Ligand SMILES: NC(=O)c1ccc[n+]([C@@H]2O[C@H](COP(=O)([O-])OP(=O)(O)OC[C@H]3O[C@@H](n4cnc5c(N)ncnc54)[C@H](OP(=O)(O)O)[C@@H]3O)[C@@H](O)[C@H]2O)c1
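Okay, so here's just one chain, in structure tokens, the form predicted alone.
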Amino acid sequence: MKHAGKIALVTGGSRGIGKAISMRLAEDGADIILNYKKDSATAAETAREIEALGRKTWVFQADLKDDKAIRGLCKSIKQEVGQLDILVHNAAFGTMGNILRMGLYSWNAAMAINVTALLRMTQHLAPMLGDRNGHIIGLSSIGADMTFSEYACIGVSKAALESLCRYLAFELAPLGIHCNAVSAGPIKTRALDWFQYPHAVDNYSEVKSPLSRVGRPKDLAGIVSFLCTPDADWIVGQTLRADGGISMGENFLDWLEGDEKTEAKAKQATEWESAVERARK
């Protein structure tokens, strides 16, 4: 197993994308430090699932917008675990809404959890990661460089996270620490409920992605696991986009209406079938 003997901290690691990452790293051999904010029952259940794979777990509560809580989390890791190979910053916060009406509390909380928490954890845990040629992964969003309605609070903070990951990569490389970010498109988790019309996000993904579906947590988990292996050591300070091709470009057929769209799609399908048949000959 590619992560045998390693220990990984996954913030927000007990549900959604964080749980998928925790489970995948455990499947690949790592013991897991689970951080959660307040849902202790879900964290305990995820820990049991990880332990059923034969891995060890540590479960620590910490609200990552609170610097005192971050210091306590890092102290517990140093004292109770004593080793760290992988830091995955998945925990996130964001308030949907018009940027002109965005409250300062929501704005500051997004910056604190999505950006500052990674900085502060790295400052405390870098010596442990350096001892193990460790990896840091920040979970970002395509909203960092694309614009979506009511997404400014999250998108701006994720853009800052990507920039932070580049600077961490640049400055920590001499210590043997690798840092990258993974930028995700829409993923089917409870976070989509933040949007005023969650079904519109599903429809957007199904139309825009050539794979014709919204993302799933496991779509990101394998990517994160790979970036924490020696095979990815030449990837430094990069933001790897994993969005099912949503940001790749436009299919103008999607913007036809009614019968035009039906006819064009049918013609395209016929042309594909013909091309495939010729290629087989």
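Sequential numbering from 1, following the sequence displayed. Note that the structure is a prediction, hence the values are computed from the model and not measured.
Although it is not shown, the form predicted in complex with this ligand is what the next lines describe.
Within this chain, Met121 is remote from the site of this ligand in the model of the complex, having no heavy atom within 4.5 Å. This ligand is not shown here, and in the model of the complex it never comes within 4.5 Å of any heavy atom of Leu168. This ligand is not drawn, but in the model of the complex it has a heavy atom within 4.5 Å of Lys37. Put simply, Ile17 is close to this ligand in the model of the complex: some heavy atom of it is within 4.5 Å. From the list 77 to 85, 190 to 198, 121 to 129, 169 to 177, the contact stretch for this ligand in the model of the complex under a 4.5 Å heavy atom rule is 190 to 198. Among Val115, Cys153, Leu139, Ile136, the residue placing a heavy atom within 4.5 Å of this ligand in the model of the complex is Leu139. For the stretch 267 to 281, the set of residues having any non-hydrogen atom within 4.5 angstroms of this ligand in the model of the complex is empty.
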